[in-house]
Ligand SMILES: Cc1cc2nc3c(=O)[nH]c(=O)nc-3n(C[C@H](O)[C@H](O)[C@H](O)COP(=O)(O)O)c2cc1C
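Here's a solo chain for you in structure tokens, the form predicted on its own.
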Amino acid sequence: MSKLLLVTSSLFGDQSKSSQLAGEFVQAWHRSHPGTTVVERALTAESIPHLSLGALGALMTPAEQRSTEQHATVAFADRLIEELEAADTIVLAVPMYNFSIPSTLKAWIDHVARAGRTFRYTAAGPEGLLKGKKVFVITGRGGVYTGDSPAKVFDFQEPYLRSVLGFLGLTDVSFVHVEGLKVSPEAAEQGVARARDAIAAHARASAA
């Protein structure tokens, strides 16, 4: 049975456009793949601690020498990695904050990027171990950063995510940008409409 992992990261929860459109994406995907099991991971300040010296120390301590707290710390990160490993399809809902990604998503990445588990170092260089999965990134952006927009140089969201996901072996990545949300009501409406068209196209292509 196919498994889909949905990761949301907006401060606005269900009210965010990235989360709403990602939800629509999952619904469209489920219609095309009715046997898919969906697992959702909502990243908030309460649910995803930022990486700490204590967490690094727990990972570096042999399992048989870890304290109860260290075991819990490693077990939490293990669950995040297991969700990624089990998923065939990954959907990331990512608002743009200050031209980049939310700190909660960065914290999630810091927990799942683990040498020997999601990537490894080889004589030929680093190798990502999360291979053979399809990733869809649904972004929410107040401005317009694609095409010929002069603001394109400020987009540190898509390039970073492509790089870090690729480092983990996730190279089959498609982006759906919901742009112009703060430009004007008309621009926001057009941005949502374009994103919905892209979502429908991805769903059709995946079912072909």
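Counting begins at 1, following the sequence as shown. Because the structure is a prediction, the values reported are computed rather than measured.
Keep in mind that the form predicted in complex with this ligand is not shown, yet the notes after this line are about it.
According to a 4.5 angstroms non-hydrogen atom cut-off, is Lys182 in contact with this ligand in the predicted bound form? It does: once this ligand is placed as it appears in the predicted bound form, Lys182 has a heavy atom within 4.5 Å of it.
I'd like to know if Tyr97 sits close to this ligand in the predicted bound form, meaning any non-hydrogen atom pair within 4.5 angstroms. Yes.
Is His177 a contact residue for this ligand in the predicted bound form, using a 4.5 Å heavy atom cut-off? Looking in the predicted bound form, residue contacts with this ligand do not include His177, since no heavy atom lies within 4.5 Å.
Would you classify Gly142 as touching this ligand in the predicted bound form, given a 4.5 Å non-hydrogen atom cut-off? Heavy-atom contact with this ligand at 4.5 Å: present for Gly142.
Which of 103 to 111, 118 to 126, 71 to 79, 88 to 96 has heavy atoms within 4.5 Å of this ligand in the predicted bound form? Contact criterion met by 88 to 96 only.
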